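Okay, so here's just one chain, in structure tokens, the form predicted alone.
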Amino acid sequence: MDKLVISLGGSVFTDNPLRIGFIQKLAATVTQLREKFQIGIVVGGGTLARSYISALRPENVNDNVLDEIGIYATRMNALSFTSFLDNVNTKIPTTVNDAAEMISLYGCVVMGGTEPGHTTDTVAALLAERIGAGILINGTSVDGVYDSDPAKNKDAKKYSALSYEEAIKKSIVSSVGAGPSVFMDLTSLVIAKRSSIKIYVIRGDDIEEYHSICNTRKTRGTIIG
């Protein structure tokens, strides 16, 4: 059976507190895709994480502690998502290896972050590498990778495809403050490159995109690989 990993941005998943309608639709989609795929799902922290971090950062709380708080938020979101799925882990794994064992047992695993310094995109890439998944769907709040921030520039150009090298260069530029916001962090892209994991960057709440990618390997978003 083929293997698939979905990295679901917290901003897609949460909205004071949760986007229940979307979560129900995504859960139904995942249930259908499980007939063909073993699936790993990594959920971000979203508004829950941001609300705590934004309140604590001005109080000079240690960045490592803030990372830990963000990780707990991702795990709360992950546990929430398991409530909408059958025959799935009820304990959220704290390591990629634990998640790999669970996916062998259940055929589907939902998790959040693992340790400070690792974004959920990096965790998703590591999970894809660990289980031998050839596809990583990165569901974000934007429908692909652009040459500039589409929220600020109405003439921003969306890329239909990028090589790993092109994506890595864009991530480096974005991470130092120039250009659009980072679409994926550098570490996740390097992991995908070394293991030839094809990345599909899509608008995460566009349910049809998941079906299209899994059935036809086509997307309206951006393919990195």
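Quantities reported herein were computed from a predicted structural model and do not represent experimental measurements. We number the residues from 1 along the sequence you see.
Absent from the display: the form predicted together with a small molecule. The rest refers to it.
Novice: Given the stretches 120-128, 147-155, 82-90, 98-106, which is the single one in contact with the small molecule in the model of the complex, using a heavy atom cutoff of 4.5 Å?
Specialist: Only one stretch qualifies here: 120-128.
Novice: Between Arg194, Lys169, Lys36, Arg50, only one gets a heavy atom within 4.5 angstroms of the small molecule in the model of the complex; which residue is that?
Specialist: Going through each option in turn, the one that passes is Arg50.
Novice: If you check in the model of the complex, is Ser212 within 4.5 Å of the small molecule, heavy atoms only?
Specialist: Although the small molecule is absent here, Ser212 would stay clear of it in the model of the complex, with no heavy atoms inside 4.5 Å.
Novice: Please tell me whether any heavy atom belonging to Gly134 falls inside 4.5 Å of a heavy atom of the small molecule, as the geometry stands in the model of the complex.
Specialist: No - in the model of the complex, heavy atoms of Gly134 and the small molecule never come within 4.5 Å of each other.
Novice: For Gly40, is any heavy atom within 4.5 Å of the small molecule in the model of the complex, or not?
Specialist: It does not: once the small molecule is placed as it appears in the model of the complex, Gly40 has no heavy atom within 4.5 Å of it.
Novice: Heavy atoms within 4.5 Å of the small molecule in the model of the complex: does Val142 have any?
Specialist: So Val142 does not count as contacting the small molecule.
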